Ligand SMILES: Nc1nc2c(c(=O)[nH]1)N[C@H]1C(S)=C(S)[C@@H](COP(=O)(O)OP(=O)(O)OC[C@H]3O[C@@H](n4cnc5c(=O)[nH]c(N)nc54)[C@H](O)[C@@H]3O)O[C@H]1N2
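Quick heads-up: it's one chain on its own, the form predicted alone, in structure tokens.
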Amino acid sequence: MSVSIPSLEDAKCIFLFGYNPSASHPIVSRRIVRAKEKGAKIIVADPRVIETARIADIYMQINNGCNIAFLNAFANAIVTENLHDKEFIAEHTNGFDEWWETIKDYTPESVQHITGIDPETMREAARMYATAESAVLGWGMGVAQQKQNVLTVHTLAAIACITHQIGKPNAGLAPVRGQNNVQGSCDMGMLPNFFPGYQKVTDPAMREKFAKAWGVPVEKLSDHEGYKLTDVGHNAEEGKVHAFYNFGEDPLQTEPDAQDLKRQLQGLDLLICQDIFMTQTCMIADVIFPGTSWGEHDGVFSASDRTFQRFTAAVPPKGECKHDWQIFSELSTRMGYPMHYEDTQEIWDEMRSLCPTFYGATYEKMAGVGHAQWPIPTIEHPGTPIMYLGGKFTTPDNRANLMAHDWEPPTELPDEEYPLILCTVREVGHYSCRSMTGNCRALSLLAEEPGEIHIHPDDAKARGIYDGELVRAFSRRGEAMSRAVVDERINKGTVYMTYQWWIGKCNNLTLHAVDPRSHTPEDKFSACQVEAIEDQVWAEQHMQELYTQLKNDLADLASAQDVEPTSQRQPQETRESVIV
């Protein structure tokens, strides 16, 4: 994010594109409501009538899968109505003429059949955004989990640049993260192409710096980009990956085409899982390291807006659990590289010393309710709530590079056999892969298996489906049972499933197609079908049996005390995990 979350309250216009804050980020949603109360204009473009659409000055119910086409037309409307800031473009950007060569062909009228939006409504929204004193353009997984996700972000950034809605107070870009501390994971180098602090592994100077700090020969540090999570399954199948260390994630719940991924992971020579609860991925692991939860250890989170926030342990660890950093240190030492730290502050200070952008974020500055917002290059620096002030960008010439792209249709389009579009979404009641919230009785009373599938009234009627009934959803890859919610707020021909559920696992249906640059899966668009289940009594009983069996299997493995030595282990398909 180039802006801070608190600054949303003072923006004069907020444009949400493919982002549902009330379900994904309730605290952010509250900031948006306060901005509205202060007089801000709200624009929403989303295939669903989300909660924020209820307070929007302009709501556009776009067609699923139209992102690039819509944004190109939105940019076209800005330029053709002479709403772009020519002075800012000339002084602070590169490539406007080349950018316009693509954008000029995307008039709101020419792509209305793709976007579903009345041209005059789009032009009105463009005027509202471009002429606002300050405007924030925010997006979420509706952009990130698409085939053209990186290209869409290029277009969103260009729109902010040509209107000068960036580089000034209370204006800029607000991409939010999909999971807790994803921002922090990226900040700390849990990416295949960066060291901590977004320092490229392909840069010899960076490798030299980190090798010296860690006391290893520089050739020990990789000089090329590694694999991304979505590469692991297919690379395992092809023999390129033999071992996978899975830390705090349940890919068999969260990744697309989950059944095929399970088969691929079971073919690994070694699968290690480190987690705080038993998960479906842990069930097929060779080794499980039980770590501590956020309430049992000290550390630092990064908010979506680049804010570091320190937290301290509330209770001691239970049983024989160890802190994540202790597990890593002990394992590293056993593998031949001695690693020892006294506490998390020592680790944090080492990280700060190697990452110029984070250097001023000391534990002392973050004490209590304090925080530090990077870039924060010195101890005295106050942090950076708004980036790129004055139009100074983080490029070699300090100018923004405008990029435009042509729209391409999604990978798998509906057809006669699978006529519905499946879009996966989130909900407030449960979090992420539900390994934590699924163990909370109070939250289970709010929402429980097998989750919900939202379907338009016309589509439900055509299939004989009634609100609240259990239904069968299926695709070319698999099937899941879910509970129908007849919902007139969504596009006809589209169904929505929340992805936290174990029995109603929508990732049994989703397609393993990824953006070629980020390798993020196309979770927001795949073809499926939904059919009614005639015997609802049987369906309810069958669903409960499946859920009970899965919970029992998870509990049985979690409570396992003794297992056979590795040399006497069972074959892969029936193996048990060693809990260390």
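Heads up: residue numbers just count along the shown sequence, starting at 1. Keep in mind that what you see is a predicted model, and the values were worked out from it rather than measured.
Heads up, the form predicted together with the ligand isn't pictured, but that's what we're talking about next.
Interface residue remark: Phe358 is not counted as part of the site for the ligand in the predicted complex, having no heavy atom within 4.5 Å.
At the 4.5 Å threshold, heavy atoms of Gln183 stay clear of the ligand in the predicted complex, well away from it. At least one heavy atom of Tyr496 is located within 4.5 Å of the ligand in the predicted complex.
Looking at Thr292, you'd find a heavy atom of it within 4.5 angstroms of the ligand in the predicted complex. Only one of Gln529, Ser29, Asn64, Gln61 lies close to the ligand in the predicted complex, with a heavy atom inside 4.5 Å, and it is Asn64. Proximity to the ligand in the predicted complex, taken as a non-hydrogen atom within 4.5 angstroms, holds for one residue of Thr307, Thr344, Gln264, Gln274, which is Gln274. For a residue to qualify, one of its non-hydrogen atoms must sit within 4.5 Å of the ligand in the predicted complex; all three of Pro47, Asp324 and Ser435 qualify. In short, of 142 to 150, 76 to 84, 185 to 193, 333 to 341 it is 142 to 150 that has heavy atoms within 4.5 Å of the ligand in the predicted complex. Contact annotation for 504 to 532: residues with any non-hydrogen atom within 4.5 angstroms of the ligand in the predicted complex are Cys506, Asn507, Thr510, Asp523, Lys524, listed in sequence order.
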